[in-house]
Every structure is written in structure tokens, then in C-alpha cells.
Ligand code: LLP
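Given as C-alpha cells, the chain that follows is alone and in the form predicted on its own.
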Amino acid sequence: MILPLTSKINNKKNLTIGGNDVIELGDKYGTPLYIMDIEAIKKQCRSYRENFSFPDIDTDVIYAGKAFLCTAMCQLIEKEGPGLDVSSGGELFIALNSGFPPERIYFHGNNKSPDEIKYGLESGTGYFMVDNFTELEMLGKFCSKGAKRQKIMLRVNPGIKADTHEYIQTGKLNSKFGFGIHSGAALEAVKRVKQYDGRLELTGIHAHIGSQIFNISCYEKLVEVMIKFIKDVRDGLGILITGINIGGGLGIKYTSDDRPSNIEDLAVVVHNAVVKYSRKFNVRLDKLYIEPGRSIVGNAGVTLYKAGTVKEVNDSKKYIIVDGGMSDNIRPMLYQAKYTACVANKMDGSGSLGISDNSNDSEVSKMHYTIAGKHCESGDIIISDIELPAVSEGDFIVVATTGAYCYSMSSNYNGQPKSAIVAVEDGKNWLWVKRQTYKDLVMGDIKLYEK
């Protein structure tokens, strides 16, 4: 089991994270509860900063906020040094409201509205990642009208199919994202940037080929395609582009079967490719950007549930019904994502799954369970088959590696209030996000009739 960096087992045989007994956290804050290991997040940020520090090219690490974003996370990222990637006006608002410096924000999104573009410009957003001709035209007109100068990157589609789930492949030829290099749209976009009398400053090109990528050799191909395109722009249009943004996508370990690459290996592949293809195409790059998200927060988070009904169906299938489900983690239903879990108050039976303890697992009888949610969907299954010690009503179930794309994609399905988020570090714990109340569910509702 892949638990957060600071996970241990205490003398009560309870799981602890960041020096905190998770059972006590559940009693204090309620369940379902997202728990974030701050030390683990800091470690990943620092690993990116250290490994993507090269003597021959300046590099910026940019945290991809879509993986997990709230006010406190923005503030932690600011202190740790990365820039911040936002993908909508709402994410931009969260970042700005946290006090994150606007000049370090990179505004993504493949269908920015006129209001979002105006908001970004008025807020002093550092970079716009331009996805399409409509956005390019709106941005150029707004800047010309307001006598503004805005730094931009053009998102290009490199036509590379990453080895990951098809729903999170974002750089293949028929992807909805970016200007196609092979179709000629990317070259045309560069031409059109020139129309705006210097109001749009083209600082580089951007590409993102997918998420949860294990085979990192595709990043070498990406760098080759991007630098070759820069050469073609220089030779064909006389325009020098000196920066490439290779996006994110580095995979993480969710189960024992996963074999992800690490940050160090990715840095070596990317840097070697930059050196190799800069020489091959006689292109000088001044800046390299990378946008990790999942690999910063994924393994740092867990979700704590309380078991309700534990029941057997047809004398064979045993269900643990927890007090959350697809409203707080849609990924198993959306991507067929795989997770691991443990019984946090019975770690004598499952503590050896990813962390060290002195238990003898052979002395503990285990059973096969399906962990299901409380929602009115047969597909509301978090883990379809897992071996755990005998589970009873009221036990605490921890599902690991939920730091990325769980809170971000959470919903109020079946009127379920969104879960709280608690941060843990050095024996301390504090709320990052309060649990929604039932009143929060109707804050925007308008009554047709007063009774």
C-alpha cells in the first residue's frame, strides 16, 4: 500500500500521518475526510526544483492547480517556489484570493470566455497559454484596445499519443487541445501573433501530452517535435522562439503493480533531449518550463471513511459501505482508476502494506471485500476486490493516493456535502477547507413560493 511519506503505526495499532492518529482526526473533523501530508508535498516541490536545475538552461517549475487547488495550497506552493497553472476563471480567482503573485500565474484553458480573458488581463496574470484562434483574436483585440502588453505561449498539439488512459491523452492528433503542428495551424498561429503590433509577446510554445505517464521516453519525442517546430518558425518566418513548456504528466504509484518513473529520471531524459535537439536543429533555448500536478500531491493525500453497513450478498460477495464514494472520488468510475486501502484502526492486519511495523500478518485472518459508496448508483465502487482484516461497522477505512483529482472533481451528488480537508505536519493538524453543511447546498437556490 502506498501511504504518505510520514505514515506510521502507533502503539494502538492505528495509522498515523504527520504525527497524527487518523482515528482521532476522524473523530475531530468527521468523515469522509481528505488528509494531506504537508511534508510529502514539500518534498516533491523541492525534488522538482533541485532536479530541474541545469547549468545551461533556465527552468521554471509550475504547479498544475487542476490536480488539487484551494487557498492554503496556493499559499504553500508560493512559499515552496513553483509558479501556478490555472485552467479557468474560478481557479484564477482562488489563486489571486490567496495572495499568489499574479505575475507567476500561467492561465490555461481551451475555451476561455471574454470575461475570463478580461479578468486575467485586469489581474496582471503573468502568462496566457493560448489554445485557439478565437482566444488569440480576443486577447489581441483586448490588449490593443487597452494598450496592454501580455506575455503568451501558444499551446501546440504535437501529435504524440502517450501510453496512458485514452481519457487523459491530450497530445494525440485528434485531441481538442491546442494548435496542430502537423496540420499547419500552429505555424499560422505564430503568423497571427505578429498582427497585434507587439501587444502579444510570444515567449514560447506549450504542449501537454497526457497524465499518469509511466514510459517517459515520450518526453524525448515531445522535445524533438517542439524544437523542430521552433526551427521551422525561425527558418520560415524569421521569428525566434526561445522557450518550451513540456507540460506535466509524470505518473505516480497507486498500486503495487504500478512502475512509475521518478523525478530524477524525468529530468535526465528532458535535459538530454533539450541538449541533443538544440544542437541537431541549431536552436537556442533560453527557458524550459514543466508543469507537474499529480506527482506533487497525489501520494500526499488519503481519504478517511467510516464503515457503515458491512454485508454479504449471495453468500459470496462482501461489501463495506462507506460514508462517501463517487461524490468525493469519481476516478474509479470515470477512468477505472485503481486504489489500495487499509483499516486504519486495525493496522496489525494491514500495516505491512507499504509501511513498516512489527506485526505478523500471517496471524491475522483476512477477507475479500468490495468497498462501495453510499450513492444511488450500482457503479459507485471505490475498490472492487481487496483483502482486509475483518471489518465491522464503525471501523475507519483509509483509501490511499487520493491527493490528486479527488477533491478537484468532487460533487454534491445525492445532496452529499463536500468533505473537509485537513493538513497534518509534525504532530499538528489544521483545517484547509471546512466541511460543507446542508445549508451550503441551497445557498444559491431561489424559492418559487414562500410558505
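Because the structure is a prediction, the values reported are computed rather than measured. All residue numbers refer to positions in the sequence shown, first residue = 1.
Note that the form predicted in complex with this ligand isn't included here; everything after this is about it.
In terms of contact with this ligand in the model of the complex, the residue from Asn299, Ser211, Asn157, Thr303 that brings a heavy atom within 4.5 Å is Ser211. A heavy atom within 4.5 Å of this ligand in the model of the complex is found for one listed residue only; from Leu388, Ile41, Ile382, Ala64, this is Ala64. A residue is said to contact a partner when one of its heavy atoms sits within 4.5 Å of a partner heavy atom; Glu291 meets this definition for this ligand in the model of the complex. At the 4.5 Å threshold, heavy atoms of Arg331 reach this ligand in the model of the complex. Residue contact check for Leu250: one or more of its heavy atoms lie within 4.5 Å of this ligand in the model of the complex. For Tyr405, a non-hydrogen atom is located within 4.5 Å of this ligand in the model of the complex, even though that partner is not displayed. Screening 310 to 318, 185 to 193, 278 to 286, 241 to 249 for residues having heavy atoms within 4.5 Å of this ligand in the model of the complex returns a single hit, 241 to 249. Taken together, the three residues His108, Tyr335 and Met409 all lie with some non-hydrogen atom within 4.5 angstroms of this ligand in the model of the complex. Residues of 70 to 87 placing a heavy atom within 4.5 Å of this ligand in the model of the complex: Asp85 alone.
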